[in-house]
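First comes one chain, alone, set out as structure tokens in the form predicted on its own.
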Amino acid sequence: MPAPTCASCHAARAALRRPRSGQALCGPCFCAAFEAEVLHTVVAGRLLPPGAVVAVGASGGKDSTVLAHVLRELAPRLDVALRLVAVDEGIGGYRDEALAAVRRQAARWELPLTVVAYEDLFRGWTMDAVARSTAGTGRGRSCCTFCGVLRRRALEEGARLVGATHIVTGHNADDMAETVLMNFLRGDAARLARGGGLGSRGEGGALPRCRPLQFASQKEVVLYAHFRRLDYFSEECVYAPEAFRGHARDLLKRLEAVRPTAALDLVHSAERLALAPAVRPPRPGACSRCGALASRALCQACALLDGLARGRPRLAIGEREHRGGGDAEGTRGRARAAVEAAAAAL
């Protein structure tokens, strides 16, 4: 059966059907629609004001590559300047190849690139060193917890280094839906409360962050990269298979099999979520050691690094978990409260 005609230009043969809408489009029309939707997200959300210097978190993967390419196309209309900031977590046999992809992208697009390394920023710690330190402690699966906290801090430091006024990351709708699911499953009321919107406005002196691809599905990100012939690194991190996120990802795939809009529904639910006053997180302050945004005396990064330095990574993770839950009964209670509040709000 011949392919249908593109529903947009009505001239070329359609090359795909959009996963959620089913609209048949040719490659060029799909890419134009994708870029227009990202532009709408940025403009409608007032995410990047004219004159902004934007640090693009560049990992070399599909999401950050698509984000950088789209923003480069839209930069003249948005009147923003782009800077690529890559983070070297110190993962042997993985990050070197990803950084090589970032460097190729930067050269091809003629965008300035800055690389910041965990080893330089965090008292000599790399992710490989963290993995060795947590081995045998029962916390081997927590590598992604360490990395997520440290990576956020490293990206902030890199953005300040290049004089950025805003940070953008390549999180897509599937990523955000997985995060919402994880927070519900863990009963993490603090993160549920912060999970809505398209980013943060930069409270407590932190740089404003946003996610222009938040409403784009992972499938469409891959399709855009295919039609634009983008060069990106596609290997999974060596520590990712043990992460809790993988379970949320599997659950989301099963949900999407019966309800294609499940990921976006979860994203929009997080935006409309209202928590009872008793489970809302306290207003953040400043870390007593480094001055970064923190909900306690020490920020997450400093607390984790302290635990590692003392040879007690369990303590660092335990302190973080205690902030979000404490004992199992307390966690279940907060989970019930969060779910009940969400049900009342939707």
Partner chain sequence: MAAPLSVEVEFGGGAELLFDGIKKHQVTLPGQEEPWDIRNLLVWIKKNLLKERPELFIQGDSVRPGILVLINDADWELLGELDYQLQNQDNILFISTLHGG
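Numbering follows the first chain given and starts at 1. Predicted model, so just to flag it, every value in this text is computed and none were measured.
The form predicted together with its partner chain exists for this protein as well; it is not shown, and the discussion that follows is about that form.
A.B. asks: Which one of Met182, Val149, Leu78, Val222 is close to its partner chain in the predicted complex, taking close to mean a heavy atom within 4.5 Å?
C.D. replies: In short, Val222.
A.B. asks: Given that its partner chain is not shown alongside this chain, does Thr261 nevertheless sit within 4.5 Å of it in the predicted complex, heavy atom to heavy atom?
C.D. replies: Flag for Thr261 set to no.
A.B. asks: Look up in the predicted complex whether Gly61 has a non-hydrogen atom within 4.5 angstroms of its partner chain, and give yes or no.
C.D. replies: Flag for Gly61 set to yes.
A.B. asks: At the 4.5 Å heavy atom threshold, is Phe227 in contact with its partner chain in the predicted complex?
C.D. replies: Residue-level check for Phe227: yes, a contact with its partner chain.
A.B. asks: Classify Tyr232 as contacting or not contacting its partner chain in the predicted complex by the rule of any non-hydrogen atom within 4.5 angstroms, answering yes or no.
C.D. replies: Close contact exists here: in the predicted complex, Tyr232 approaches its partner chain to within 4.5 Å, heavy atoms only.
A.B. asks: Go through 62-70, 293-301, 30-38, 45-53 and give me the stretch that gets within 4.5 Å of its partner chain in the predicted complex, heavy atoms only.
C.D. replies: Flagged stretch: 62-70.
A.B. asks: Taking its partner chain in the predicted complex, which residues along 237-262 bring a heavy atom to within 4.5 Å of it?
C.D. replies: The stretch touches the partner through Arg249, Asp250, Lys253.
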